[in-house]
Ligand SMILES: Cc1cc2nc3c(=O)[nH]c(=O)nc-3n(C[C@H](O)[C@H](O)[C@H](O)COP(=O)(O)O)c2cc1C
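What follows is a single chain, given as structure tokens, in the form predicted on its own.
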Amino acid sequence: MKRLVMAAVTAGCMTWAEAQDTNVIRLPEPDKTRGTAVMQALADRVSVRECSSEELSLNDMSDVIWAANGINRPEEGRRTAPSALNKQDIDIYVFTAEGVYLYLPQEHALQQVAEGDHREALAGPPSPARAQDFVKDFPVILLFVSDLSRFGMEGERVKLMAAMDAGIVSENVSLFCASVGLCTVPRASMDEPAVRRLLKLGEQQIPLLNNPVGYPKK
């Protein structure tokens, strides 16, 4: 938390006192001019399971989260990712070595929901043969949780819509990373019971996918 807060202070986004009082990190404005052309990003998109140990900068964190599901039409509150019936059911949780944060799209900010390093919960269910521990080497992991209650309806079709929405947000991350030279891989593996306990998720909140994000390994 302290490293993120100090980065925010350095960027002029907030004061230390504000951070201590609110536990909210206000992100820099996303740079909407960076990256390659869409067709080039599609050509370059690839799943990468190794990365550098370097921490993600606050500017890169701001840009990748906004690309994932930020607000691109403020007057209407619409997002970079479409959602079924425009219910905007996907919440993004950011896992780092310092803590876990909920993305607040209206404020383009991160609110701390847990302290400490909980990236292991996204490596998958505990197992002697677990092969997903590579995710713990990524400095940031974005978890996509669908809140089914926002659809105002029930049934299997709702779960399909939620899965579709999570997939779109995940692809936004993949294309952004391909466009600017970051590493990522979309994943469904996680220790769901541990994630639910950590984030205090309700029955209608479903953790669906996650994207670890980092810099290329040198």
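Keep in mind the model is a prediction, meaning the values are calculated, not measured. Quick note: we count residues from 1 along the sequence shown, nothing fancier.
Unshown form predicted together with the named molecule; subsequent notes refer to it.
Does the named molecule get within 4.5 angstroms of any non-hydrogen atom of residue 185 in the model of the complex?
Answer yes; at least one heavy atom of residue 185 falls within 4.5 Å of the named molecule in the model of the complex.
Would residue 209 count as touching the named molecule in the model of the complex under a 4.5 Å heavy atom rule?
Taking the distances in the model of the complex, the answer for residue 209 is yes, it comes within 4.5 Å of the named molecule.
is_contact(residue 112, the named molecule) in the model of the complex, heavy atom dist at most 4.5 Å
Output for residue 112 is no: heavy atoms all beyond 4.5 Å of the named molecule.
Although the named molecule is absent from this view, report whether residue 80 comes within 4.5 Å of it in the model of the complex, heavy atoms only.
Looking in the model of the complex, residue contacts with the named molecule do not include residue 80, since no heavy atom lies within 4.5 Å.
In the model of the complex, do 47, 132 and 189 all put a heavy atom within 4.5 Å of the named molecule?
Yes: each residue has a heavy atom within 4.5 Å of the partner.
Specify the contacting stretch among 132-140, 89-97, 103-111, 69-77, defined as having any heavy atom within 4.5 Å of the named molecule in the model of the complex.
Result for this chain: 132-140.
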